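Before any questions on how it binds or moves, here is one chain, the form predicted alone, in structure tokens.
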């Protein structure tokens, strides 16, 4: 069996793993902080080091020979030019016109492919996760930003300019919050991890009663979305309110996509799934209220499986489709 290295580059962390060609296993999962402020060359050296560590560990624990490692699939925030392997722009990383595919390939000595990180995560969930078997899949990943992916009959849909699936930059309030992309009212500006934390802090500064500060030793600046989820699970009324409000924002975005694309499965992946039913119950209710009933009745809304490795599996899968034309 051949093996592929999947590289998932996020705004906060880089995760790398060595994946069996059939998706049956992943070995040597390694992660490190992205730290984009250190510059692209340093980030690429870190990626190469993580690839080396993953391949070495796969050889140690699963006896994977190096000559069976055939390539590296890279998932990166975009927009991208996949044909040239170039990252055109990454608002969360600050990269512009970066020939990432070639730089990583040269650094690790293996052929490489490039695709959008959110596309990869959703493709991974379709390949070996919660959306296995779906014909028409739409998914979003909620983390440092909000990305998305569309899979039709087993193929990622990229659109004319490789920009399909930028769901986080769909406008839900034309005069709303400023987004890092420069637009106003993007879904990402309301429901990404940092946006959830920012909304929670704003409410606290306005006088909301909550125990959130106690989770971070009184340093409100350390509150994250995960802090909000933890407090919600502990029945903090204000944290629950923030999660329910997040569910409404996401529900509006999901309903729009269900009406437009009529998928049979809608996956929500990323850190936001840690909120559990506190998020998914009101989110599904919001979708039911907003979307056309026939479309809703044929679509299951599920949390993504593969926590931490969906993008790794998906990056490996996109190497297969770009190199061999199939998964």
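A quick note: this is a predicted structure, and the numbers were derived from the prediction, not measured. Residue numbers count along the first chain shown, from 1.
Below, we turn to the form predicted together with another copy of the chain, even though it does not appear here.
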> Honest question, do 198, 209 and 278 all end up within 4.5 Å of another copy of the chain in the predicted complex by heavy atom distance?
Replying inline: no
>> Please tell me whether any heavy atom belonging to residue 235 falls inside 4.5 Å of a heavy atom of another copy of the chain, as the geometry stands in the predicted complex.
In response: no
>> Is residue 111 near another copy of the chain? Define near as a heavy atom within 4.5 Å, in the predicted complex.
In response: no
> Is residue 42 close enough to touch another copy of the chain in the predicted complex, meaning at least one heavy atom pair within 4.5 Å?
Replying inline: no
> Using 4.5 Å between non-hydrogen atoms, is residue 129 touching another copy of the chain in the predicted complex?
Replying inline: no
> Given that another copy of the chain is left out here, which of 154, 79, 99, 94 has a heavy atom within 4.5 Å of it in the predicted complex?
Replying inline: 79
> Among 223, 150, 240, 86, which has any heavy atom within 4.5 Å of another copy of the chain in the predicted complex?
Replying inline: 150
> Okay, which stretch from 268 to 276, 255 to 263, 58 to 66, 44 to 52 lines another copy of the chain in the predicted complex, with non-hydrogen atoms inside 4.5 Å?
Replying inline: 255 to 263
>> Going through 164 to 192, which residues have a heavy atom within 4.5 Å of another copy of the chain in the predicted complex? Please give them in sequence order.
In response: 164, 165, 166, 167, 169, 170, 171, 172, 173, 174, 175, 183, 184
